[in-house]
Each structure stands twice: as structure tokens, then as C-alpha cells.
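Single chain ahead, by itself, as C-alpha cells, in the form predicted on its own.
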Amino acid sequence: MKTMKKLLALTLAVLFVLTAFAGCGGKSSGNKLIMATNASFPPYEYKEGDAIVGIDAEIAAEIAKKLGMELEIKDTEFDSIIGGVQSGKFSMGMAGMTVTEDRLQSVNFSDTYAKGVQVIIVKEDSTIAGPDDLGDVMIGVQQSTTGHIYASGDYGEDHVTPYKTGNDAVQALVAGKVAAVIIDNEPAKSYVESNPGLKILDTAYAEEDYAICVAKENTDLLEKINAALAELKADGTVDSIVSKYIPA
């Protein structure tokens, strides 16, 4: 009888330990801020070795610190970010993403943390001088970005070729598959610097605000992100991070 009691006590003790460990695991995963991005959009997000760095990565790290959470960044295709946030696969999406009416039907957005300018990249010997000259040419864009959305609306989908990354679109321009690329000004600078023979037109194509997307039902996280952003703006952290990558 004593042996049975000892075995029962030992079994209960093991179960208690296993339950405690399971609880700790759940608490840890619940305290993780999983950020979805597309790490081919310098200087907002790009890779240095295996690490994802850039403006968005650093601001997200500061937000996570304010919230007392562990940041994990997941690199994925841009057009899968919103769906992943909706499904709960990711806590938030941060990828130089602009607030649009269409996106607002699927997710909520934080307050803005940076401003973007869409520009046009062409070959140095191109006769294209501005947006008015794009109506009869093929335009390269990164799939599902605002550049893709705006160009399709302005010039028609038959004049737009979407690519998975901005770099793919730029390489198509270099190869002569498209006559121009519409993309954010900051990655445009990197692409032009890396590909001799290209230039950015002086006339901007569009101006926009960048924000963080969060699932519709996750209002608590959205409020916390906005509160953290407000503090990071007020103490100069956001400006410091942006100026580190985009000198005035």
C-alpha cells in the first residue's frame, strides 16, 4: 500500500512539473511580438548576413522593449503580410506599408511613423521625364505595394508588370523588360547606386505615410503600439533611427 502511495505521489509530482513547464512555454510565446516584413526594401528592412536590419527593424525593437515583449522578425513575401496578420500568424506587419482604403478593410493601422515618396527609376538615356510619359510604356513594380496599386489605377494593369521584390523589378529594367520602375525613394537610391546606368526622376510620383498593420480584433495591441510610438516620437528615438539610415 505504501509503495502504491509513493508511486501515486511521484506520478502527481511529475505531472505537476510537466504542467508548470507547459505553462511557462505558453507564457513565453504569448509574450512574443512577431513582426512580418519583406526584407528587400532598404533602408526600411534588408538583410545583413542572416539578420534583418533597417528602420522598421529598429523601431519594432524599441516598441517591443516598451511593451516588455520579445521581438521576432519573419521575412515573407509582401503580399502575404496582411493575410498572415489577419490569421494570427503574425502579431503585426511592418514593411514600409502605406495605409490605403483597401487595406483598411482587412486590418487596422497604427499612427504613422515615417513618410515615404514613390519615385520613378529609368535608364539614364531614357526619354521618360515624368509621370505623364508613362502611359504608353511597361512599368515594373513590387507586387501588392502602393506603387503597384497606383500604377495599375493610373495607367492600367496591361501597362504594369508586378515582381516579387523591388530588386526583381529593377533587374527587369536593367534587362530592358520594362521601361520604368515605380518604388519608394529610399530603396530606389540603393538600387540605382548598385546598378550603374539608372537614374531617379526629379518629379515624385506620390507621397504617403507608413504605419504598422494589426489584426482588426487585436485592438489592445494596437493601443499599446500607438502608446509606445507616441513615446518614441516624443523622446526623439524614431527621428534618430530614421536619420541614421536616411541622413538629412
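Everything numeric here is computed off the predicted structure, so don't read it as measured data. Quick note: we count residues from 1 along the sequence shown, nothing fancier.
Absent from the display: the form predicted in complex with ligand GLN. The rest refers to it.
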Kindly indicate whether P131, Y155 and T161 are, all three, within 4.5 angstroms of ligand GLN in the predicted complex, using heavy atoms.
no
What stretch, of 88-96, 171-179, 123-131, 67-75, brings heavy atoms to within 4.5 Å of ligand GLN in the predicted complex?
88-96
Does Y205 reach ligand GLN in the predicted complex if we count a contact as any heavy atom within 4.5 Å?
no
According to a 4.5 angstroms non-hydrogen atom cut-off, is T145 in contact with ligand GLN in the predicted complex?
yes
At 4.5 Å between heavy atoms, is D184 in contact with ligand GLN in the predicted complex?
yes
Should Q118 be classed as touching ligand GLN in the predicted complex when contacts are defined as heavy atoms within 4.5 Å?
yes
Enumerate the residues of 99-113 that have a non-hydrogen atom within 4.5 Å of ligand GLN in the predicted complex, in sequence order, or give none.
R103
